[in-house]
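What follows is a single chain, given as structure tokens, in the form predicted alone.
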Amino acid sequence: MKALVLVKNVPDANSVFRIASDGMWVDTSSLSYAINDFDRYALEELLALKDSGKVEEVVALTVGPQEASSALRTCLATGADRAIHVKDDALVGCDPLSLARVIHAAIKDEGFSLILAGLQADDDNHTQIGGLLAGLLDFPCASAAMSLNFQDETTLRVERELGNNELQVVDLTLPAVVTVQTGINTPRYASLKGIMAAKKKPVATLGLADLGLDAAEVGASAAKLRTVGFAPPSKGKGAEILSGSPEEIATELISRIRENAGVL
């Protein structure tokens, strides 16, 4: 069984974030990058399936500029067998549907039985790529997975997180797409041996021309979703610290709740 993990190179959460001068994104000059945290869990889930003999090959794919190759190197060093890097300047500013179409074109002839991705990306939080790709492939899809278990060679049981500590159990017939939630496993780290081995693993680099796609179809000009502005959240009113004994503070607090909220 061949399996694919979709990964994204995103700004590291420890970077210094400033709004860019054009107000359309953050200033990238002060950013460092790392593999999307949700995708680390998706990768680990496939590597664990490979360790157990249920998956024969794990392939990592990313779409992005040259710098995005670092996410693929992380995957290869951790245990993925090969990688696919789709990069084309025309894709800068493309929307989720166009991105899903690009991924679809890159993998439609690969014959993957299972495709995993993180539930969302740390930078844009769109949470759309997995579902859109599944629709283009006509594969069943489950999101926010907290557990994956094969029932037989063609059936994957997925426990989905619904919120309020509730789970939904669904059975998917392979091939299928699943997006995973953080906490589904404990991601492993790359070993020195793995880092050295990664240098010999194949990475296929593809552009839009290789995929038979035109920039007018999937580039920024075709985007249905556009950024119109980017700004930090407005600051609210400052907090007021009540003073006095605990009894006095409690009395004053109850009085204010009654006056301002109309309760109690």
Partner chain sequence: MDFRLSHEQEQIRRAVREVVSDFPGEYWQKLDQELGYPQEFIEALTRGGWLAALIPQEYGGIGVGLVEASLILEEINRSPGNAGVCHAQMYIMGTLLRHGSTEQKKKFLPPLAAGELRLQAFGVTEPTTGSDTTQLQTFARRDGDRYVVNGQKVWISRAEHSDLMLLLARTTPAGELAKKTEGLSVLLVDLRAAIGHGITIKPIRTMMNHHSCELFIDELEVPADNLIGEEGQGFRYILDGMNAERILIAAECIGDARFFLDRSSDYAKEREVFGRPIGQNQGIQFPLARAHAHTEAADLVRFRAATAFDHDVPCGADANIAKLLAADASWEAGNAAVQTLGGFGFAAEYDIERKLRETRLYQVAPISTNLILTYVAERVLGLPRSY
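These figures come from a predicted structure and were not determined experimentally. Positions refer to the first chain, counted from 1.
Keep in mind that the form predicted together with the partner chain is missing from the display, and what follows is about it.
This chain appears without its partner; in the model of the complex, the one residue of 209, 216, 196, 225 with a heavy atom within 4.5 Å of the partner chain is 196. Checking 137, 141, 77, 146 against the partner chain in the model of the complex, a heavy atom within 4.5 Å turns up for just one residue: 77. Contact with the partner chain in the model of the complex, defined as any heavy atom within 4.5 Å, is confined among 125-133, 184-192, 96-104, 158-166 to 184-192.
Contact here is defined as any heavy atom lying within 4.5 Å of the partner chain in the model of the complex, and by that definition not a single one of 85, 201 and 205 is a contact residue. Residue 221 falls outside the set of residues with a heavy atom inside 4.5 Å of the partner chain in the model of the complex.
In the model of the complex, the partner chain sits within 4.5 Å of a heavy atom of residue 70.
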